[in-house]
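Shown here is one chain on its own, the form predicted on its own, set out as structure tokens.
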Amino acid sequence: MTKVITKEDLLSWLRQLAEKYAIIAPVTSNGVTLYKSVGSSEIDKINLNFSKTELSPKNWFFPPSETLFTIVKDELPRIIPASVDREAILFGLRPCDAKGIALIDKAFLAEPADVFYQEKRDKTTLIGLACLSPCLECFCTSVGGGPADLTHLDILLTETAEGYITQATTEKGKQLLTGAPRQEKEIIPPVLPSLNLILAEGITELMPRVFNDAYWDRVADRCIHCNICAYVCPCCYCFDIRDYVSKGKIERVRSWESCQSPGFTRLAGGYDPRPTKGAHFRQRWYHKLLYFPPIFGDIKCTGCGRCVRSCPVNIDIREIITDVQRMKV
């Protein structure tokens, strides 16, 4: 027997949860689907049939710009750290996006952990939706994921004709589901879709051999430094930190950055350790495919395909991997 919740009961349950938790869920407006905060009266706005949001849910844990702390100049200066007021539920994640959060966890929660990120992470429950209609650019199975991968979720919901199959994978998820109006039914799980497959296995071992190849300069000529690939990526986490002074207080602000930006990692005095466009372009792929895996055990890619879909000059990570595998060294 399988525990199932109907669509009507699911929305009713979310309305109840919204009284206690902040609910962040996919909402479509003007044809664009994004994760947004929804109150109990807005639960009906949640889109349960989207294919993929334009931006990943990493924004909740790692916003495009956030104040880390504020220094107030009174008689004695006081440091006021940022904090999270409510526990939250991040609802409707596709498994690839849950993996993206898990990859950022590896970097931000490694000792010494980023306390601002960790507080949000600890106070958030992840409820996912199995992906039954992947996009053409998806390739999650090539990088260790899958349309119904529940590894990085607290709860996974899988849509069927009778409702949503519910699977809790953590204690946090099990406790949350105790209040859900579920029924036990005999259900045949839906057939999961097949996906585009690239052979990414072994790419980490190949990357060092082509570091100085002119290939990176050739492909970089197409790049226009828009940085959209980093901003839509569910697991890119490069950032810049700046201090802003206003009306007797100082705010330290962390904002997204991209390793492909011309000024990224430029040192005092103007020295740039990556002085060419090709070197900056190369950095993105080496971070994902060579530098990250030995430290954290995974390629830094979820196979969501957002960068493929969004790049205005059609630079495709699947082609990058295939090209490196074909290079003669």
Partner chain sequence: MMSINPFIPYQATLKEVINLTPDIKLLNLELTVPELQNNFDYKPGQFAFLSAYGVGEAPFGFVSLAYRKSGIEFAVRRIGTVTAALHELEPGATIGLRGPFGNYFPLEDYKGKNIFIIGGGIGMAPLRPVINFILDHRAEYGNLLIINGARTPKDLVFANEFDTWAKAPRTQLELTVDKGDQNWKGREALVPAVVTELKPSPVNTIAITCGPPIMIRFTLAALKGLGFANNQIVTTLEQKMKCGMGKCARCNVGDKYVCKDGPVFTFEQISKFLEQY
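Positions refer to the first chain, counted from 1. Remember, predicted model here, so these are calculated numbers, not experimental data.
The protein also exists as the form predicted in complex with its partner chain; that form is not presented, and the subsequent description refers to it.
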{"query": "Partner-facing stretch of 164-172, 87-95, 182-190, 69-77, counted where any non-hydrogen atom is within 4.5 angstroms of its partner chain in the predicted bound form", "finding": "69-77"}
{"query": "Touches its partner chain in the predicted bound form: residue 148 (any heavy atom, 4.5 Å)", "finding": "no"}
{"query": "Any non-hydrogen atom of residue 213 within 4.5 angstroms of its partner chain in the predicted bound form", "finding": "no"}
{"query": "Heavy atom of residue 297 within 4.5 Å of its partner chain in the predicted bound form", "finding": "no"}
{"query": "Residue 28, heavy atom within 4.5 angstroms of its partner chain in the predicted bound form", "finding": "no"}
{"query": "Stretch 236-271: residues contacting its partner chain in the predicted bound form, 4.5 Å heavy atom cut-off", "finding": "237, 238, 239, 240, 241, 243, 245, 250, 252, 254, 257, 263, 264, 265, 266, 267, 268, 269, 271"}
